[in-house]
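The chain below stands alone and is given as structure tokens, in the form predicted on its own.
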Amino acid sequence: MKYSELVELYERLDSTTKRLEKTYFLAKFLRETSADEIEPVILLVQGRVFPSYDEREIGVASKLVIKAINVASGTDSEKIENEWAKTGDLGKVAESLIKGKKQATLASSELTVKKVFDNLRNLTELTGQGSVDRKMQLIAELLSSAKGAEARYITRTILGQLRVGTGAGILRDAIAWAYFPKAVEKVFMKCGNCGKTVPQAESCVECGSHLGKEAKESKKAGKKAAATEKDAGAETSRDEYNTILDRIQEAYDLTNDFGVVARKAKTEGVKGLETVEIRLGTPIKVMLALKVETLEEAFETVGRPAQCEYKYDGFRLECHRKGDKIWLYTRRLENVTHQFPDVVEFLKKYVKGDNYILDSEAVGYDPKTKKYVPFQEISQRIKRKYDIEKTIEELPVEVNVFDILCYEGKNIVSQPFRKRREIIEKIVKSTERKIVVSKAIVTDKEAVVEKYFKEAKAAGTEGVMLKALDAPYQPGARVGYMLKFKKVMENLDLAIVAAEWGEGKRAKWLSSYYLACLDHGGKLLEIGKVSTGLKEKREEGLSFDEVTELLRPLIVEEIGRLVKVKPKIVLEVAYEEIQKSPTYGSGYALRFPRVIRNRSDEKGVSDINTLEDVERLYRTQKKSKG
């Protein structure tokens, strides 16, 4: 496949903010992509060359890209930097200069997706003496062969700035539209102007003609047909469509790789998706909890009786074992096996079995008092690469096992929670301050949970969790099978997308941060600015200096005191209330926000709160006032 074909897709995805249109363009492209090229294409439309769980990153700085543009275009590096300062987009600068070069390099050839993908992957393999020059040559080779827009998207991909709006929901739906046309036919219609079959919307994706009347009639006809089918006892097309989406989502939840899922869907259909299995050593997105305000609401959601557990202030640790090999992953799918050799030993010594995946919470404790400590204290261990043994002594952890996804190679996520809990209790030998089965009770009474909540708080935890006894494990989903009850206003986890340099004594720091939540398509929407809650000295807590150090290498554009940054840093933010606001893209603003802690070690940008979360909290807040 020519890379120019993929660039045409990028252009189309970039040209619209509408989810239906993005899904249509991507589905059409995937349908025409060969099975051998599906996986690299799926990764490249996400701006990646490895799946999200793979730690390898392209990791090339803008200065090296500038040098490669210099070699490929013959333009002075200073001029490139000046143009970048004007536009704020090094991709557009590369496009302009490559377009304007007087003569094509003799060695240049038409770029293919494979060539671009291979060169970008090779960037991650180069290390040692001379590796910087070799990386620059790989980039310059691509740019020398690129034609205009190709240079723009190659540059953006290398710098991690592609952002064409292909979130997980769009990728999932596009796979369904591409490979299961019969199942999705009820969400499509024929355009009366161009004759193409397109999504039901206000206008035709292909020719732009208005579809209002036709779409309305098509929907009405679809509903009537569906009702007839239902009356006849047959499964409706909409039901079939939702089933397909569920199969795709389930396959993705087990692999964290849409490339693998798309290839299975194209080559093997629904049966292929159903045969996707958990792979020991490949992390799975953990099941997430919803927050509830009252115990009455909690029991209505999970049913009676329910299991009630302590909610620890630690970090999720997904433990994989396959024979003698053990892997440890955080909620962000980051491999931290090296940082926690003590946990590896706990698993070998106190857990029966050679093949399993455990879900747990690693909680730090004071080695002298044996009392639990807040997450911020133990978070240092996630980052630590050296002096591991010393760190184990200073910052020990206790692993609290609360769920199991796989045992002796068998996928058990569909088994009810009570059965999974029985397995945990049989195979984990609870050993205090090393590894234990999470403390829990089963009850159907609010008063009992209230008492247990007080015990949990006294033990230094955040509150309690309530779990449905008959529920399956739903990887990657925030479902009503698992709830958290903390009795406090729910904080938000938000990404920093821009920041401002301070004034006076704070002039050396980025001290105000623009925050964003996620919409359903994976787009970041600003929801306000925060500048309180941080300290001026590191020893006092999370400091302006520390956040500035994290943000500085992520800067992609500077406009006076304002800098735009690559979204990577996630902050937990408290606030007094949520207000409607036309100022920010989300339509909301936080009143009196303050930073609680840095959650970047636990959460990636894809894990932050969504616009749906914000809207739910806004409604809850209004209800409580009324």
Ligand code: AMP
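It should be emphasised that the depicted structure is a prediction, and the values quoted were computed from it without experimental measurement. So that there is no doubt, residue numbering starts at 1 and follows the sequence shown.
The same protein has a further form, the form predicted in complex with the named molecule, not shown here; the description that follows concerns it.
Shown alone, this chain has one stretch from 337-345, 67-75, 478-486, 149-157 that lies within 4.5 Å of the named molecule in the predicted complex by heavy atoms: 478-486. This chain appears without its partner; in the predicted complex, the one residue of 399, 261, 517, 465 with a heavy atom within 4.5 Å of the named molecule is 465. Checking 511, 166, 438, 474 against the named molecule in the predicted complex, a heavy atom within 4.5 Å turns up for just one residue: 438. The named molecule in the predicted complex is not approached by residue 506, whose heavy atoms all lie more than 4.5 angstroms from it. Although the partner is absent here, residue 321 sits far enough away that none of its heavy atoms falls within 4.5 Å of the named molecule in the predicted complex. Not displayed here, the named molecule is approached by residue 316 to within 4.5 Å at the level of heavy atoms in the predicted complex.
None of the heavy atoms of residue 241 is located within 4.5 Å of the named molecule in the predicted complex. Heavy atoms closer than or equal to 4.5 Å to the named molecule in the predicted complex belong, across 311-331, to the residues 311, 312, 316, 331, ordered by sequence position.
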